[in-house]
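We begin with a single chain expressed as structure tokens, specifically the form predicted on its own.
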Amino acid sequence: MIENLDLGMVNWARAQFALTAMYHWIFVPLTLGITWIIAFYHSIYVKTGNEEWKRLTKFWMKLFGVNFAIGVATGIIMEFEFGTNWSNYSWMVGDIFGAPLAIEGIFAFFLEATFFAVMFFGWNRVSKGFHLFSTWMVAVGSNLSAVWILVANAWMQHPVGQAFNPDTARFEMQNFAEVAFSPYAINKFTHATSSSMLMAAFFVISISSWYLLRGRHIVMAKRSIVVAATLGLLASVFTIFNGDESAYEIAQVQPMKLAAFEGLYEGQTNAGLVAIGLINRDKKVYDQQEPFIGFNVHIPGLLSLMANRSFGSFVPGMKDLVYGNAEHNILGAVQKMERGKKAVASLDAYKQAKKADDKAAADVHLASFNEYKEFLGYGYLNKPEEAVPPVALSFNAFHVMVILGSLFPLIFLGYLYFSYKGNLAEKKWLLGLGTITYLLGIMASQAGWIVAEVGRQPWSIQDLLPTTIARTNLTASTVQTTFFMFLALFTLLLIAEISIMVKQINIGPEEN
């Protein structure tokens, strides 16, 4: 399975998928969040009959429509990349991974698409009640799409409800409910959607703040801000608390990821959470260098509380997870690789015995494989240190996300306070900050996905399928070519979206 392995191809394939996913994630959070905000605006219009609410609803719908179209294009390309660059992955886990994606396409996407047309073109063509219902259904459909995609991603992070079939070398679905409703999947969905609402609120606030600074569409901008800031404040507070729950889940099922984004090389009792610090990029898990350069500020005991819900508890570091820690009963990658090699050897011997029609030998090798099969993925690692993800990137991305996320509720509070006081338009400093808040939201959201995906390396499926095994047998040059093609295409799509949006923002809401 690893013959003729081209690590250059694997790295370029990872880079291409990361490129596609990060471009796609520029558009998705805005789609997920702004549909709810538009539905609230539309509801206020139907309730009050005030034409100003209708104007601003139609205005934000247009911007949503542009973003939605570009997001769909990048998402389709990303799904095709599973087949082009990750064919072994598609073969080995398609029975499980394909199910939620199929549900997303058959159910959620069609629900969203059906009501999308009514939402945009139903003004004065259908009843106000049905038109409003269609707007809400677009919001529901968009977020149902996210449910199933995030269920699939959560399964990659925490594979449950499956079993490996040694006859087909595939992971097969055993319990769909366990896959769909795992705590990891629930936390991933709630965290992604709440942060998306936060980003959409910042999108509305950024544009509305620009209008107030220019003295244009003042009534529309103020009304847009009040609703967006209210929803954004609720979403930002929920995102913080939900983020804590997500970190707890990570500590239970992906302790290496937790250790990486906290820069924790040595396990500690009553471990502190790094509030801010400069990570040492040259530090390796096996050397004696200091993990941080110059300084780092810890909050005592908080990492232990976050990871285990207990002050004074032990949090394993990367060294413990690589080499093991007998005192705390931690099996390291070294020990797991030994068992994994036995699983790989037993699986190969089982296939050979089956081919030779030697049932007795096949049964013996199958029993041996079943004993060690939970460590199968480790059998394909070349050295235990490969189990450590890129630490500096994980650490920096996590702390960018946390620092920005902690500031966001204060910004929403500031907007609501001055809106209540009636002097928001006079606070030029806040409006100036507000015009760039959407960019800050994008930074925090992208950093969150870097933590989730880079922190999982070297696994495509946590502990079961290394990235090096999941790839397609292509040359590096082939993937390089498509990488730069997609880079150019996605950049052009992003420029096109920004250009169209800027033009529409300059035009502003149309008069009825």
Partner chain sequence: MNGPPEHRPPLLLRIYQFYRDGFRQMTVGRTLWKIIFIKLFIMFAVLKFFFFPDFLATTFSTDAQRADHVIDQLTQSAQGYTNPVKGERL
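Residue numbers count along the first chain shown, from 1. Remember, it's a predicted structure, so these values are computed and weren't measured experimentally.
The form predicted together with the partner chain exists for this protein as well; it is not shown, and the discussion that follows is about that form.
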Q.
On the criterion of a non-hydrogen atom at 4.5 angstroms or closer, are A113, K342 and A496 all touching the partner chain in the model of the complex?
A. yes
Q. Which one, 422 to 430, 76 to 84, 282 to 290, 212 to 220, holds residues whose non-hydrogen atoms are within 4.5 Å of the partner chain in the model of the complex?
A. 76 to 84
Q. Does the partner chain come within 4.5 Å of any heavy atom of I330 in the model of the complex?
A. no
**Q.** in the model of the complex, F486 touching the partner chain (heavy atom, 4.5 Å)
**A.** yes
Q: Indicate whether the partner chain has at least one heavy atom within 4.5 Å of a heavy atom of W91 in the model of the complex.
A: yes
Q.
Is F164 near the partner chain? Define near as a heavy atom within 4.5 Å, in the model of the complex.
A. yes
Q: Could you tell me which one of M173, I403, V72, L416 places a heavy atom within 4.5 Å of the partner chain in the model of the complex?
A: V72
Q) Just one of Q252, N296, N270, S368 has a heavy atom within 4.5 Å of the partner chain in the model of the complex. Which one? A) S368
Q | Residues within stretch 332 to 365 having a non-hydrogen atom within 4.5 Å of the partner chain in the model of the complex | A | E338, K341, K342, V344, A345, S346, L347, D348, A349, K351, Q352, V364, H365
